[in-house]
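Below, in structure tokens: the form predicted alone, a single chain.
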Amino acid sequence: MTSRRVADVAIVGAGMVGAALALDLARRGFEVVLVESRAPAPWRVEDEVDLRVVALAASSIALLRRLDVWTTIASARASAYRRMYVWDALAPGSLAFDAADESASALGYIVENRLIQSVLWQAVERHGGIELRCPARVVASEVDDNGAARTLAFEDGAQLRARLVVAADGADSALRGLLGIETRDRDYAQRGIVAHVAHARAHEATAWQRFLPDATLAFLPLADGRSSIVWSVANAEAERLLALEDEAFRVELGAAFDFRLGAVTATTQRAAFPLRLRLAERYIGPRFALVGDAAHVVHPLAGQGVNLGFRDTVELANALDEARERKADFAAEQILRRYERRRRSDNAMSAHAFDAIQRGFASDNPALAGLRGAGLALVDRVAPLKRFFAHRAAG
């Protein structure tokens, strides 16, 4: 049965990006329906730190502050990183950023995915302007005959009409597929190994990243003094590393990191996820838009995936709000085009930049390694260049 009511916006997917968009729009006065197939597991302080963490940039923290959830997240378990240090295993030269150079208290924060999602979910549940449909699974979608709304059909036979439908249901977005939006994909033939490790020396509130031949290794500072690692390696090497006993893994990990923090003394269980590049061919359709991983998946070496997604939400919410203030149809094609034009170009540029860095630093060619080292040293010495990269990372 189709409800006669037409919601302003229906968002499919209540992950970090979808939930943030729902809150942002509801706080601006839009009537929002948030659709999710299953509720997230609650975050509890007594649980082990989630293996999946994100490096939140300043732009993302600004959004979470505006949504009145950042204080809760930061007070629960978040780790500021004040410095970032990048170096190449095959060549001299390094690049270092320091928050003090920007008169800031931190470059960003390392936070567990599950913590962010849990706090956003709780805020959604409390907000009177958001209707939460969970569990619910969309099986079809079409624009009404008059073009004024889009209907979502659910697995249980229910239907929902909304002036705008937003897909925020992740990299393998079912809704994107229902709308026939193609993607351009690249499989890196790599997996990112994640774990939390203890080490002999303090992490110094620093995010460390080392480039190795056909691998990238990041140590991200956690609030409890440990580091969260993301070790991106070829698939076969990932299988080998995952099969090692803990002691052997710690030794290899320490060596790969050049023992920058001394010996690795302990590790949690390890997990791994495939690495790929995926860019949607278009972000919009009739009464429809994509945000977050449904629109773009990038290499994790710069830790920018969720930050790009949060920037999508801000741009889309601003576009809709400004149109409504002018008494215009906020889901009209020209309004959505503005969102697509701004975010698709920025996301594509970021994705291809990360891709080029990954390709360039993966080579073990001595001449290329020398150029990489010289490039890092040059950026580190030239203040305007260094400031550009620091501001780009901060959003």
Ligand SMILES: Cc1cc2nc3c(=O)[nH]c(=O)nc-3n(C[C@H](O)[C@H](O)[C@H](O)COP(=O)(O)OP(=O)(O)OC[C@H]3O[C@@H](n4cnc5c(N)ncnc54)[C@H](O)[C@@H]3O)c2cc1C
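Please read these numbers as outputs of a predicted model, since none were measured by experiment. Heads up: residue numbers just count along the shown sequence, starting at 1.
Quick note: we don't show the form predicted in complex with this ligand, though the next part is all about it.
194 is the sole member of 261, 124, 194, 73 with a non-hydrogen atom lying within 4.5 angstroms of this ligand in the predicted bound form. For the residues 113, 94, 159, 318, the 4.5 Å heavy atom test against this ligand in the predicted bound form is passed only by 113. Contact annotation: residue 188 falls outside 4.5 Å of this ligand in the predicted bound form, judged by heavy atom distances. The shortest heavy atom separation between residue 307 and this ligand in the predicted bound form is within 4.5 Å.
Within 4.5 Å of any heavy atom of this ligand in the predicted bound form lies no heavy atom of residue 221.
Put simply, residue 117 is close to this ligand in the predicted bound form: some heavy atom of it is within 4.5 Å. At a distance of at most 4.5 angstroms from this ligand in the predicted bound form, all three residues 15, 170 and 273 contribute at least one non-hydrogen atom. Comment: 136-144 is the region of 318-326, 96-104, 136-144, 241-249 lying near this ligand in the predicted bound form, near meaning a non-hydrogen atom within 4.5 Å. In the predicted bound form, this ligand lies within 4.5 angstroms of at least one heavy atom of each of the following residues of 36-60: 36, 37, 38, 52, 53, 54, 55, in sequence order.
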